[in-house]
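Here we start with a single chain on its own, the form predicted on its own, put down as structure tokens.
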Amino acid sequence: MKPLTLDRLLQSQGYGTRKWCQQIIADGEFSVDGAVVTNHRQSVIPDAHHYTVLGKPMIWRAQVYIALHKPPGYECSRKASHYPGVHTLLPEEMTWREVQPVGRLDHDTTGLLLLSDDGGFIHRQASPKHHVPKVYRATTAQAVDPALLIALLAGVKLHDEPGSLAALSCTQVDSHTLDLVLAEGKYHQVKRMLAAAGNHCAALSRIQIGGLTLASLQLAPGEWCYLETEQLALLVPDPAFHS
């Protein structure tokens, strides 16, 4: 790994502009392995030391991978228009790092949302070519009946799609709840599929992406966490995440 000057190191972690990071260091608010350093030109190997910034420990991360339990009433957009953006639920450093949502959930849809500043990761997760399965728990307005399950598994026709869209699997949870597994991420797909199959979606939550479940993360609505190597391996079968 290439060395970085301390101001560039802080900037890479989302602490603000390079000038502002230089000021943090000059003010004695940055330490390396317990020793205060005031020379921003000093270089370090980023992952070889322990850091403290503004009195708090900082773990250096080349890139960040985040799981958020999205609550209702938030938009998955950097330029939110009608509701607050999901970025407001994260620390300011994530905005400086230009963390982006992996795909989108509607403002009223809750559940597991991934965010990252790694463009390759975002592409692998969001691209329909990679067929990352996602599990949605839908509450229906009318009771679930066998005909609804059959239609969703067989495929329903949406007016702006060239072919039918089908769930990979569809499991009834209770009288008004079912779990659908989809590999695509079409606009309002679950809601539109339910409507096309003769029912209506009253509430929707994404509870799993790949092998990563929201339940395993134990996040309350609005809470977030970093995803570590073992969790990333559940999302992307990429050797890079097994190093």
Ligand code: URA
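Nothing here was measured: the structure is a model prediction, and the numbers come from that model. One rule holds for the numbers: they count along the sequence shown, beginning at 1.
Here the subject shifts to the form predicted in complex with uracil (URA), a form of this protein not shown in this document.
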State the residue from L204, A197, L180, L214 whose non-hydrogen atoms include one within 4.5 Å of uracil (URA) in the predicted complex. L204
Just to confirm, with a 4.5 Å cut-off on non-hydrogen atoms, which of R41, H49, H188, K56 contacts uracil (URA) in the predicted complex? H188
Choose from 143-151, 98-106, 83-91, 118-126 the stretch whose residues reach within 4.5 Å of uracil (URA) in the predicted complex, heavy atoms counted. 98-106
Could you tell me if Y74 has a non-hydrogen atom within 4.5 Å of uracil (URA) in the predicted complex? no
